[in-house]
Ligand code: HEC
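Take a look at this single chain in structure tokens; it is the form predicted on its own.
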Amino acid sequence: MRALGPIAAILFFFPVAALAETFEYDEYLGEEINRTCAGCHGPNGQGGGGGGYPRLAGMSAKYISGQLRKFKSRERENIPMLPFSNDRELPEEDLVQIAEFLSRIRLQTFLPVQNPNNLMDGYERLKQAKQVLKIPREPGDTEAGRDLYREDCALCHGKTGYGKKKAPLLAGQYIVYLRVQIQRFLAGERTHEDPDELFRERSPEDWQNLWAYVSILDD
């Protein structure tokens, strides 16, 4: 891809910066946009497809919006996202709204205990159940995985695994999805800082122990 010239770059980035300064969150608009996302990522951003579609709920708005822009520019190649992330279907003003909407969703890991003196109706209980996401535990040495995580992952993804502004959450994310992303980093299909040092030198046992630990971060 040809690099943008200085004037073109200013014109390209200015609308994004200007929009960020005037952004006002509209929950109802975010909910409306999310109806399109829900087909793959679930109505509450909990992901789906057996882990093929990642959880988005609770990720930072900055990270989500950044990835959506990469889908638009095809810096991050993702064929299923092409029909949804173009400027016509997802203009910048909608992009920041859906990113904020998803970032504010808080998924539970257990269904709350009902008050026996004030039982809710079945529909309300069903809505609660739809916001529960529990990642299955992976086999492996969680203590060894914890050491690996603290050494190489915690700085960017946070001590508890819930991510930072520029790094996605790992806690409560599907291990199936994370494995595929590592393969894509190693294949050069996605960019990551120091992929050889962080990923390629690990043994299969290291990976399994790391996945075992990541799978319990949301417990």
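All residue numbers are counted from 1 along the displayed sequence. Because the structure is predicted, anything quoted here is derived from the model rather than measured.
In what follows, reference is made to the form predicted together with the ligand, a form of this protein that is not presented.
Does the trio 156, 182 and 202 actually contact the ligand in the predicted bound form, every residue with a heavy atom within 4.5 Å?
Yes, the whole candidate spot contacts the ligand.
Which single stretch, out of 106-114, 79-87, 121-129, 136-144, brings residue heavy atoms within 4.5 Å of the ligand in the predicted bound form?
Heavy-atom contact with the partner occurs in 79-87.
Just checking whether residue 191 would be counted as a contact of the ligand in the predicted bound form - the rule being heavy atoms within 4.5 angstroms.
Yes.
Proximity of residue 102 to the ligand in the predicted bound form, heavy atoms at 4.5 Å
Because a heavy atom of residue 102 falls inside 4.5 Å of the ligand in the predicted bound form, the answer is yes.
So in the predicted bound form, is the ligand close enough to residue 50 to count as touching (4.5 Å, heavy atoms)?
Residue 50: no contact with the ligand in the predicted bound form.
So in the predicted bound form, does residue 67 come within 4.5 Å of the ligand, heavy atom to heavy atom?
Within the cut-off, so yes.
Within 134-168, the residues that have a heavy atom no more than 4.5 Å from the ligand in the predicted bound form
Result: 152, 153, 156, 157, 166, 167, 168.
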